[in-house]
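Have a look below at one chain only, the form predicted alone, in structure tokens format.
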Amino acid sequence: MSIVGTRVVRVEDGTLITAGGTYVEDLREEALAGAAHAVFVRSPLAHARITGIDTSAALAAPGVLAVFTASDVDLPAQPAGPVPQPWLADGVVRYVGEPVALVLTERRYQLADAAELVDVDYDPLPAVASIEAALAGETVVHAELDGNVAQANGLAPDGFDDNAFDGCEVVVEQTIVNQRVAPAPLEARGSACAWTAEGRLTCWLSTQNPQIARMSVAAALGIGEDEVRIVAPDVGGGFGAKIGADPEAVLLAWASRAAGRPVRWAETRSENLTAMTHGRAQRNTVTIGGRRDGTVEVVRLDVVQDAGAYPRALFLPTLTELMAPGVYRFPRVETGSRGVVTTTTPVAAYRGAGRPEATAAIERGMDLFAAEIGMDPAEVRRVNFIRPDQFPYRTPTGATYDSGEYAAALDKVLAAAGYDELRAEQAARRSAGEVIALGLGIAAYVEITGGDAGGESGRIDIHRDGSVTAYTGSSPHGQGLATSLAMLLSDQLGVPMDRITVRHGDTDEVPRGIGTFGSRSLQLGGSAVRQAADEVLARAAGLAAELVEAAPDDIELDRENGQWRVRGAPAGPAITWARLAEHAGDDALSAGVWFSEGTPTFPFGAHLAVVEVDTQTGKVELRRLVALDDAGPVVNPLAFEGQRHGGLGQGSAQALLEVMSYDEDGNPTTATLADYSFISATELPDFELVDMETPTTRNPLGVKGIGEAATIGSTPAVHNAVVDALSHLGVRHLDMPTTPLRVWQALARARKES
């Protein structure tokens, strides 16, 4: 019996649960002995000229080793974006939390006092704290940009066809705020750097991509990649915000070289909430036109991305445009996007990165369209789903979906939830005038995984004792990838899991790799490891044939016990992996590959959320969340469900609670966990998971990514449920998060307008 598809406890968890992980802050490396400690002096203002920096008092303070400002840093400009961020603010600060100076001290306890002694004089400038303020253009954030617009794609804003909706029986339009959120990983950012006497740098970094981080650090420092080693120890979450190396990490490496000693840095929670990149932050206007029988004929999506002060990820609105058609066979889709700069923290990838924003807009739009024509939202979706016989399906925006069963997914979820009964209960409550309203929210989604087409590395070594070491360029940070890869290899090689070690996260051990983002690890990293094992198996068959003096075609691997035998001769001589490796000699049973399938996969699913809303107080409670997330064949249901649970919680959090907000002066108003409503188990129900597996043909495992999928479906499902609960009271729409105050205000407006 194959171990693949069975519930295996994650090999990572024993240490994490008993001894705890080893994160950057926990490192006790010999190379870091005597390390200086670092703190960044950050801007307290959203927009201001720097008129002077006096570091003398700080430099005179006990334990202060160095204070660096922009004039000290001799690194080349950062390569990313149309307006690269200076390593340290140079003349102007453009968001609260922007680094202005870097202080090194002997002891960690000296950091806060030393930072306070760096005297920075500011001349305040008007803030640009919202998309609306950026588009108004009254204050320019960067003189290089025209009207604060950093990028314009597609048809927006003036290229849309004025006649696109002519002939439609019904047209609905809604502007939807997909609010800014903070990634808030359990482990905030951290880095530690040390140089050898020969001039080689080792950097321990909380990152999702050691190899990409190595490239960034080496390029900035002007040294070869072979002179840099990046090590990612245990990483306490990333959600896309730890891709590569942040500017702070590069500057730490530079400062370590300048100071001539190792340097350590670990940011505080408040620093993390204001200075780590944020996610989402889009304003989307969706317009849907169609017939009263439910057929949608035209969809338009106008995207405005708040890129923050320094654009780092202008691909986000492009991905939103690409995925605008969702799971539907819309005959015509118009999209356009603009990325604008504001005096706020830069925005970058965050769990789903552009795809959740598309789903949120289209799924709200479908509900609005259904309400306008008086049709059940489930039925409107059925009318417009892409049919199974249409795959591979090329959308009007240029994506080619691989496989899907969208209608079947929704029907399974509705059946599992008891949709008809829930609707009957809702009608009864409304008829009775109950204060606690019931709301049902549907979302059907498709997302893109492994979309970067960058490939991944994999290597397998069979050792003389018969054990196996696998090396992967993927760099997991909580996903349980080591367990999944060990399961795949155990199944393929017939070696017990406890004889298989998976190595990752060290560029000296794994020189080539891309890392983890975009839910790419299993489909690319897993396929690479499988391909490497295939090469080893082919070589092993020949070696085993030599030992038993048989033809290679007559040799087979008995995967039940990991022994090679002559086919059809179970009582004949058996060759173990250990004997084979001994016979083969050094490196003969090793293989390294670079796997690249070239095209992404498209997981999909359907979610139904059930909420109760107190129409007197506005309080929302998520009662049920029934979810189907189809990512193809499942290697380990336990890890798969864990990924879904995390996604469902994080997606629900955006719909219900989370928002990173600023006042009109650009001051963050949710900069601590006392203000930023981080969701917990208290606010979440037991998730009801429905299974379905539709394989892809785009990799040998048939798998798609699952890391982000549940996040994408759950946000609009919960959002739609809250609006549905209030619809009979005249509420047509309210933006996320659906806090009690917002619900109460929406109800008050509806009563006033009725």
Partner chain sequence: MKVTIEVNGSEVSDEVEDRTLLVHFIRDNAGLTATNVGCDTTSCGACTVLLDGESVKSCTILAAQADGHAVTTLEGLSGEGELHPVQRAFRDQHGLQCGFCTPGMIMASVSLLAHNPKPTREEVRHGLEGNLCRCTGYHNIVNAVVDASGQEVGR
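Numbering follows the first chain given and starts at 1. Please read all numbers here as calculations on a predicted model, not as lab measurements.
There is also a form predicted in complex with its partner chain; it is not shown, and the following applies to it.
*Asks:* Quick one: of 350, 406, 95, 577, which gets a non-hydrogen atom within 4.5 angstroms of its partner chain in the model of the complex?
*Replies:* Of 350, 406, 95, 577, the residue with a heavy atom within 4.5 Å of its partner chain in the model of the complex is 350.
*Asks:* Counting non-hydrogen atoms within 4.5 angstroms of its partner chain in the model of the complex, say which of 583, 382, 645, 624 makes the cut.
*Replies:* It is 645 that has a heavy atom within 4.5 Å of the partner.
*Asks:* Select, from the options 234-242, 373-381, 359-367, 511-519, the stretch whose residues sit within 4.5 angstroms of its partner chain in the model of the complex by heavy atom distance.
*Replies:* Correct option: 234-242.
*Asks:* Contact with its partner chain in the model of the complex for residue 23, defined as at least one heavy atom pair within 4.5 Å: yes or no?
*Replies:* Residue-level check for residue 23: yes, a contact with its partner chain.
*Asks:* Applying a 4.5 Å heavy atom distance criterion, does residue 668 contact its partner chain in the model of the complex?
*Replies:* The answer is no: residue 668 has no heavy atom within 4.5 Å of its partner chain.
*Asks:* Using the partner position in the model of the complex, report whether residue 7 sits within 4.5 Å of its partner chain, counting heavy atoms only.
*Replies:* Flag for residue 7 set to yes.
*Asks:* Can residue 469 be called a contact residue for its partner chain in the model of the complex at 4.5 Å between heavy atoms?
*Replies:* No, residue 469 is distant from the partner.
*Asks:* Need the contact residues for 391-408: heavy atom within 4.5 Å of its partner chain in the model of the complex, sequence order, or none if there are none.
*Replies:* Heavy-atom contacts to its partner chain in the model of the complex: nothing from 391-408.
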